[in-house]
Ligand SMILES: C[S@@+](CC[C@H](N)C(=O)[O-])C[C@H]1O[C@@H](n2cnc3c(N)ncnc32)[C@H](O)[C@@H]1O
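We begin with a single chain expressed as structure tokens, specifically the form predicted on its own.
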């Protein structure tokens, strides 16, 4: 089944460790809150459950396997995967009584099937990983998680995909379908104002591409002001071996304790992630 496994760089291994470190602390804290009746682990882009390390060539556990290894256990595990072969591989992980594998688009599955099982008013909580390889998920998923108040998220903002396909120096040359992908991710077309500034020289007015940091800061602001997350620490830039940022790892929560833990973990890796 190795043909279904991704070969991943060192930055992905670091990300997996960050997620595992947080999930361990999260599970322990929620276990001690006796009024909480149900704690779910949600992986919107679960993959095949394992990867191959580019650095060592060895098989390494993916986020689903790591989540299943954590003690105390979560009440239920929701793994969402679009690819049929990878979803089938996930079926063999864990006990089917507390693991549900969904083959489909997380933008539909999370909203229709998973998030309704994580309602705040039902004393339920969830930790949700949104770890795509491209600009995803749709903003509606993120905003719903924030407004539900019961769901904490880790989210990858795939800035490399955005730069390659959308955030060009000349915005007029961007294909409409690529711009639409960004709009779905962002929630509206206000991403354009974050990505470009209006400049003027002696002869004309023109648009200048803003740096990545400005775009990411604007998205962080949306997580707070539009999605309604109370705590969104500065995201962690994840770099490849050449030092280029592949994506920014965001954490968003309503909980001050969770925020404190995430900031501590991010601080440990800040400046070193992926190098």
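Residue numbers count along the first chain shown, from 1. If you're wondering where the values come from, they're calculated on a predicted model, not measured in any experiment.
Absent from the display: the form predicted in complex with the named molecule. The rest refers to it.
Interface residue among 189, 140, 98, 83 relative to the named molecule in the predicted complex, by the heavy atom within 4.5 Å criterion: 83. The closest non-hydrogen atom of residue 75 lies beyond 4.5 Å of the named molecule in the predicted complex. Contact check for residue 120: every heavy atom lies farther than 4.5 Å from the named molecule in the predicted complex. Proximity of residue 248 to the named molecule in the predicted complex: non-hydrogen atoms within 4.5 Å are absent; the residue sits far from the partner. When the named molecule is considered in the predicted complex, residue 127 lies well away from it, no heavy atom lying within 4.5 Å. Residues placing heavy atoms within 4.5 Å of the named molecule in the predicted complex fall in a single listed stretch, namely 131-139, out of 111-119, 131-139, 181-189, 166-174. Although the partner is absent from the chain shown here, none of 229, 259 and 268 has a heavy atom within 4.5 Å of the named molecule in the predicted complex.
In the predicted complex, the residues of 42-72 lying within 4.5 Å of the named molecule by at least one heavy atom are, in order, 43, 44, 45, 46, 47, 51, 62, 63, 64.
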